[in-house]
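Heads up, the chain below is alone and in the form predicted alone; it's given as structure tokens.
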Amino acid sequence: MAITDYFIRYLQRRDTLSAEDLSRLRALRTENETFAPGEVIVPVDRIAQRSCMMLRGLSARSHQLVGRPEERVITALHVPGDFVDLHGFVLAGLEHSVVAVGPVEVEFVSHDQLIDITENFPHLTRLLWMATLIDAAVHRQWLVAAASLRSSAHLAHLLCEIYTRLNAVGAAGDHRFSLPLLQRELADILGYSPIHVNRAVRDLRDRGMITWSGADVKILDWTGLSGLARFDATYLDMEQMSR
């Protein structure tokens, strides 16, 4: 199976791919797998032989607390086009697992193919490096949001970010997107209780900024929502430039 077009769009949003770049990406052999909600896609602390790319759905980077296995902290959400564990290509093991949020379809790329790219395609190598740096920038921004935003504004920031990332690869548009998160999962992400998350969702609805039914979210007032969140997409590095 050929590599997902979502990743190609992810790269093209930020740089121009040559015919040679595109040919090499489309020649990558991948293994397609599906996962049910809550299933582990990438296990913690394992030496990887392949890296995982999101094709459909949503996944989360999940950390178990030492001595408290019933508790977890979610430190990232992954959308179509994301390499969820590209850093595992050069690390001995991961300190977190990646779990499916709702039904998920992924593609696995063997590390021998990534080694070939890093040895023979310097431009693509820089773009893979870029992808890991953007992933790190998103993580830093989550820390900033957690430290500076509260309740409704924090949730608004998450909604603005996820929509922007999905829209950038063509997986969402018209300010509509799918976010199959339970309130307890939102609580794990935002660091609130489910009751506080429920209040934040209700507040954004009451302000006329969003509608949210099941997994379907529609942003009714982007200016208001992004203003409340103090959302600035600069950290997603979506400027197209030569890299």
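Remember, it's a predicted structure, so these values are computed and weren't measured experimentally. Residue positions are given as counts along the sequence shown, with the first one as 1.
What follows is about the form predicted in complex with the DNA, which we do not show.
A.B. asks: Tell me which of 191-199, 170-178, 52-60, 34-42 has residues with heavy atoms within 4.5 angstroms of the DNA in the predicted bound form?
C.D. replies: Single hit among the candidates: 191-199.
A.B. asks: Considering only heavy atoms, tell me if residue 151 and the DNA come within 4.5 Å of each other in the predicted bound form.
C.D. replies: Residue 151: contacts the DNA in the predicted bound form.
A.B. asks: At the 4.5 Å heavy atom threshold, is residue 184 in contact with the DNA in the predicted bound form?
C.D. replies: Answer yes; at least one heavy atom of residue 184 falls within 4.5 Å of the DNA in the predicted bound form.
A.B. asks: Spell out, yes or no, whether the shortest heavy atom distance between residue 46 and the DNA in the predicted bound form is within 4.5 Å.
C.D. replies: Taking the distances in the predicted bound form, the answer for residue 46 is no, it never comes within 4.5 Å of the DNA.
A.B. asks: Does the DNA come within 4.5 Å of any heavy atom of residue 207 in the predicted bound form?
C.D. replies: Output for residue 207 is no: heavy atoms all beyond 4.5 Å of the DNA.
A.B. asks: Along 210-243, which positions have a non-hydrogen atom within 4.5 Å of the DNA in the predicted bound form?
C.D. replies: Contacts from 210-243: none.
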